[in-house]
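Read the single chain below, which is given as structure tokens and is the form predicted alone.
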Amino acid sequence: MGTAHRTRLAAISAAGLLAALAACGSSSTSGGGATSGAIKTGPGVDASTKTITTAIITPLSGQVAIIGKPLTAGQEAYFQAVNAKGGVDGWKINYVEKDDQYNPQTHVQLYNEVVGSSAFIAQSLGSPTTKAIEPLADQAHVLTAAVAQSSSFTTDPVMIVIGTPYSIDVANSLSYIVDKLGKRDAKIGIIYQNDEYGQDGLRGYTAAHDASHFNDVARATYNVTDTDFTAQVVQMKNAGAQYVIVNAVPKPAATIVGTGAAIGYFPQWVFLGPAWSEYLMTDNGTLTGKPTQVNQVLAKTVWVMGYQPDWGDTTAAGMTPFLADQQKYSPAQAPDYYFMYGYTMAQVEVAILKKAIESGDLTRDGLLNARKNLGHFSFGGLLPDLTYTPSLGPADRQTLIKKVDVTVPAFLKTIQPLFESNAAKTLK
């Protein structure tokens, strides 16, 4: 995908595509506030062609593209499926994609480029990058899908947040170790990214410590640009940490585990969700791919926090239609939980659009009102159900624990189903 942005409009015919592109160039709603018939429209909404344009700002190159690419593909798949069925009450979804390379300054620049012609931001991936545009989105009432479970986003009305906040995931995983496994005397440490993402994981770590008084032996940070993690790993080893929370993105997480193996240190590594990728296991992310150098040590020493069912688990009602859409619209996609996350993010965005259309208001304030009053929404088990109300707060407070398994799609198998710890229930 490179660094160039892509504009994709899923349409049924070439004629429809040309008409839609022409309409995008002559939208009467770019200034916002227009009214067409019974529905009020705003930026990014073209009533003449019933097209809603949204923007995706995500890393499509660089080390975090391992998350951004499949997640974006999941959103594309669901939007394409909706458009193929006639759209959202007849409205088609057009999406523009921009590559920020996980750089906050670039993220702000790209946001400013697209915000004037977008109804909302369909994806803003990353805590530090989303934090950089949050004041701008707040001021302009621009609904923004934060692909980042930092706790602070859950109390901002413009932010669409799904899944469990990082702090709660960490608190739950520590409760799993200390309470469910009974490892009350275990020595525990944390390595976390030195930004908003890492700080939210640390909030959960601190809250769990306050609740259960586990044996906290070491805390270490790293910068997102770091490539050597020897100091952090040695700190954990010297402290005798038997369990280490890894609050990182995939490449640093794999390097941390590999560094540990190189010095003969094999604790139970416990990855926060964004630290994982199936591409850490094989060159193409599939069971038949060439194993990486850390394949075996990951399989023996890593657990991953999450809230999604195992790939292909059809006891989740939403799994069958999800897999059908994946095969139809993204057949080359390897089993990937970021793809599933993007698909579910698009689901809730479509639900918000539907509510706004039913309310007759596709202005920015109309979309914001639809988000705040969406109410209960079910993902069919692909994610825990959520409820959006004006009181705001986390969409969910549950976590499951998976182990790395070289025999199953996506290399992850659940060992602890969804649960909510006492620390998670009270975490502010």
Partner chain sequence: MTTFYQLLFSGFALGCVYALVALGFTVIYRSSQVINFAQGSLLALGAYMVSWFAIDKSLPFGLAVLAAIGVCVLVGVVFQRLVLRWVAGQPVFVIVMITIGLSIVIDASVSAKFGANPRLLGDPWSSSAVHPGGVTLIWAKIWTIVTVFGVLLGFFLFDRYSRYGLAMRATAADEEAAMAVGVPTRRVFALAWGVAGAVATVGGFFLATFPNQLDPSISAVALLAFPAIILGGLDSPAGAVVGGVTIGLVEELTKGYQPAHASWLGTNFYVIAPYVVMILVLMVKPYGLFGRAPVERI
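Only a predicted model underlies this, so the values are computations on that prediction, with no experimental measurement involved. Positions refer to the first chain, counted from 1.
Although it is not shown, the form predicted in complex with the partner chain is what the next lines describe.
**Q** Quick one: which of 221-229, 304-312, 118-126, 76-84 gets within 4.5 Å of the partner chain in the predicted complex, going by heavy atoms?
**A** Going through the listed ranges, the match is 221-229.
**Q** Determine whether any heavy atom of Lys328 comes within 4.5 Å of a heavy atom of the partner chain in the predicted complex, and answer yes or no.
**A** Contact with the partner chain, no.
**Q** With a cut-off of 4.5 Å between heavy atoms, is Lys180 one of the residues that contacts the partner chain in the predicted complex?
**A** Residue-level check for Lys180: no, no contact with the partner chain.
**Q** Would Leu374 count as touching the partner chain in the predicted complex under a 4.5 Å heavy atom rule?
**A** No.
**Q** Check whether Ile401 has any heavy atom within 4.5 Å of a heavy atom of the partner chain in the predicted complex, and answer yes or no.
**A** The answer is no: Ile401 has no heavy atom within 4.5 Å of the partner chain.
**Q** Which listed residue (Gln63, Ser359, Ser378, Thr49) meets the criterion of a heavy atom within 4.5 Å of the partner chain in the predicted complex?
**A** Here the answer is residue option Gln63.
**Q** Of these, Val217, Met319, Val108, Val234, which has a heavy atom no more than 4.5 Å from the partner chain in the predicted complex?
**A** Here the answer is residue option Val234.
**Q** Suppose contact means a heavy atom within 4.5 Å; in the predicted complex, does that hold for all of Gly366, Leu368 and Thr387 with the partner chain?
**A** No.
**Q** Of 181-195, which residues get within 4.5 Å of the partner chain in the predicted complex if you count heavy atoms?
**A** If the 4.5 Å heavy-atom criterion is applied to the partner chain in the predicted complex, 181-195 yields Tyr192, Asn194.
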